[in-house]
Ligand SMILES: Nc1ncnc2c1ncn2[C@@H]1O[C@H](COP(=O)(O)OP(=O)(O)OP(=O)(O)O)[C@@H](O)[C@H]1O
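One chain follows as structure tokens, the form predicted on its own.
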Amino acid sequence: MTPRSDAGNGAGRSLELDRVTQRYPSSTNDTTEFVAMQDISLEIPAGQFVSVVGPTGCGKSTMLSAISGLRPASDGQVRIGGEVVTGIRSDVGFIFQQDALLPWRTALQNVELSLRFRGRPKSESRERAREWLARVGLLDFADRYPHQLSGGMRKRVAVASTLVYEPDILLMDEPFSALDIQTRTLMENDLLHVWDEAGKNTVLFVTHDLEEAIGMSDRILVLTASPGRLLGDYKIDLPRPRDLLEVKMTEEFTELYRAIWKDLEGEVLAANKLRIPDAVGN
């Protein structure tokens, strides 16, 4: 399936999963299948920032792959703005845990490449890339190569490389997990600022960090241990704009954390029990 030719406008589009299931062939026996996520249905309005949390192996990244069109769902449908996802779409941006910058290109060249791939003129691509490097505070580092940048700087370039083409849907798979805690907090605040400034595209953010999810989101989805099913759907009614250091000190934040952890704790324990074999003789 060829990619859609139309890029997004950054304004956000609605996202819907209708009884989505994803199965994979077993790694040990091709006659059996592993079910990564099962019968998930949800609706996300345009412009909402939603985080997905759950234990390891519950299908969080699998969900993002189905939405992006990288791996179509085994059963059910994914719809963006009412349109069924049948292949890779140019109006969906994907930011991975590891930045995918090209080491032989400068920060500016990495950002403008996203637009060049979409057929934008060179002069327009260069101008837009400079604008986005300025938005993420890296215009003075435009001529630096990835190896000359810190981990946080590389992540900012990766964010700019995705947001520069204004995707309607932004998928983020644990994008800040490899950063130290101080840099991570700065990046979270930067992302919220840029997201708000850019017009609030629809975001689906995968994380293992419940504090991160609460601090950034309008809503949190909790998945069960494998196979991943939708267990909880929490509204995060904290005012925006947010300073993540300040919001974590509030009583409302603590209450949300306790409520969501009640759902999440049992699934984390169940997932660990599945992975840890019984001791010999027990």
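Since we're looking at a predicted model, the values are computed, not measured. From 1 onward, residues are counted along the sequence shown.
Form predicted in complex with the named molecule: not shown, discussed below.
Pick from Ile44, Leu256, Cys58, Ala66: which residue has any heavy atom within 4.5 angstroms of the named molecule in the predicted bound form?
Comparing distances to the named molecule in the predicted bound form, the residue within 4.5 Å is Cys58.
Selected contact from Arg130, Arg144, Arg116, Arg71, since only one has a non-hydrogen atom within 4.5 angstroms of the named molecule in the predicted bound form
Of the listed residues, the single hit is Arg71.
Only one of these stretches, 211 to 219, 246 to 254, 34 to 42, 229 to 237, has heavy atoms within 4.5 Å of the named molecule in the predicted bound form; which one is it?
Contact criterion met by 34 to 42 only.
Within 4.5 Å, heavy atoms only: does Thr62 come near the named molecule in the predicted bound form?
Taking the distances in the predicted bound form, the answer for Thr62 is yes, it comes within 4.5 Å of the named molecule.
Contact between Gly266 and the named molecule in the predicted bound form at 4.5 Å, heavy atoms?
Answer no; every heavy atom of Gly266 is more than 4.5 Å from the named molecule in the predicted bound form.
Using the partner position in the predicted bound form, report whether Asp99 sits within 4.5 Å of the named molecule, counting heavy atoms only.
Taking the distances in the predicted bound form, the answer for Asp99 is no, it never comes within 4.5 Å of the named molecule.
Trp261, heavy atom within 4.5 angstroms of the named molecule in the predicted bound form:
It does not: once the named molecule is placed as it appears in the predicted bound form, Trp261 has no heavy atom within 4.5 Å of it.
If you apply a 4.5 angstroms heavy atom cut-off, which residues in 143 to 159 are near the named molecule in the predicted bound form?
Residues within 4.5 Å: none.
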